[in-house]
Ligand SMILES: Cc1ncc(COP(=O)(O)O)c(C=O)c1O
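Quick setup: one chain, the form predicted on its own, written in structure tokens, and binding and motion questions come after.
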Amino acid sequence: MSAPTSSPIVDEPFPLPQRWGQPEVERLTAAMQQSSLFYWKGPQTEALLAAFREFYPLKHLFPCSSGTASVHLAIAASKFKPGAEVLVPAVTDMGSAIGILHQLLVPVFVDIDPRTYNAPPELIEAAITPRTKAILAVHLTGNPVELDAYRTIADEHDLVLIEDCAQAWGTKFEDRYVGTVGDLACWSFNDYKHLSCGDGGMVGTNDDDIGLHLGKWGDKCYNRITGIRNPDELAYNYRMSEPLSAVCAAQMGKHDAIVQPRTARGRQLSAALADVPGVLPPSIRNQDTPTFYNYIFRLDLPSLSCSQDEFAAALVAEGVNANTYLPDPVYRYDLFQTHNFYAGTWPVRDMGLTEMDYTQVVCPESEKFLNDCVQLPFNEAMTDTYIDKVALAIRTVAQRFSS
């Protein structure tokens, strides 16, 4: 084993983009001169919807308070009865599951593919039961799921296909943007996402049956068109205000400038790591366009004389911004292990609508993945030179730990 280098290989600070600037200032200034900052027919919200449709031409849209809210609204708008099952990958953000639980539905966790980190179609289909009503397709790290296969499975089993595009701004499955294939789609404007207003979201659909009433689910079931306040279903207040819409509209104008460099730098890094011993870059189909919310690679630990934590620490010592990913698959979180969803209870199971026991759920590939992967934060400010240094650092550390 060779000794660590005397000075870090990555000898420059982690680059950070200037995410907000004059376009956002101009829109916020205009908003401050308005008589109202309420979203309905507000000029900033209308500008956001128009800018959004330039990339994602969905007929019905509702800008909301977060990506988590967008998924919840998609679930609520689908109007599933309590006890219905929704298929969800075991490796995702908790925000993918919150709306399912709040609608008294049952998340059914599906294992992931070891190299794409998404739930493969064959495991999605194998998890379907008579209670399954929807598939939540999560495009993890900005790598698209196999959408054609997902669409076929959903159609054959009469399931609603919901796309969670929180990490996938600008991602394309073949020649189509993700979010344009499912029955509903959800995006996040969270501070950590490609495009951001601090926190916000968008949900959309081309389905008129759902779309004509989409807004009510995030607006207390009020009818803004007629002005009548007579809620006929239990809904939520997930509205986005005009100042947030102003920032989001400006961000949409930077869409390609933000996502395209991420694609180029991610592909550059994967190419540089292709032959590094003990390192497994993510698998991405040539016909797809990933946009790298982050960059995650796996370690072939049996061929390395180190642990996941030791490898990540060695990268940090070489100047790489590296860490491990999530601590556990979602089903391992405390609230799932104790079924503590409503003050220590789970009404769906208490009423006999499900036999699900999350203490018995095991998704072996998901658990292995989280125990051997390394995450690199990613953004559009990274240069070719910076990526070359990161790749060299990874190669050097891998060679140092090679058995």
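The model shown is predicted, which means the values in this text are computed figures rather than measured ones. We number the residues from 1 along the sequence you see.
Below: the form predicted together with the ligand, not depicted.
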Answer with one of R262, H72, K216, K193: the residue that has a non-hydrogen atom within 4.5 Å of the ligand in the model of the complex. K193
Answer key: of G83, G95, P243, G253, within 4.5 Å of the ligand in the model of the complex (heavy atoms) is G95
Among 359-367, 60-68, 345-353, 39-47, mark the stretch whose residues have heavy atoms within 4.5 Å of the ligand in the model of the complex. 60-68
Heavy atom of G200 within 4.5 Å of the ligand in the model of the complex: yes
I'd like to know whether V178 contacts the ligand in the model of the complex, with contact meaning heavy atoms within 4.5 angstroms. no
Hey, in the model of the complex, is V138 touching the ligand, heavy atoms inside 4.5 Å? yes
With the partner left out here, check for me: in the model of the complex, does some heavy atom of S188 sit within 4.5 Å of the ligand? yes
Could you run down 306-337 and flag each residue that has a heavy atom within 4.5 Å of the ligand in the model of the complex? none
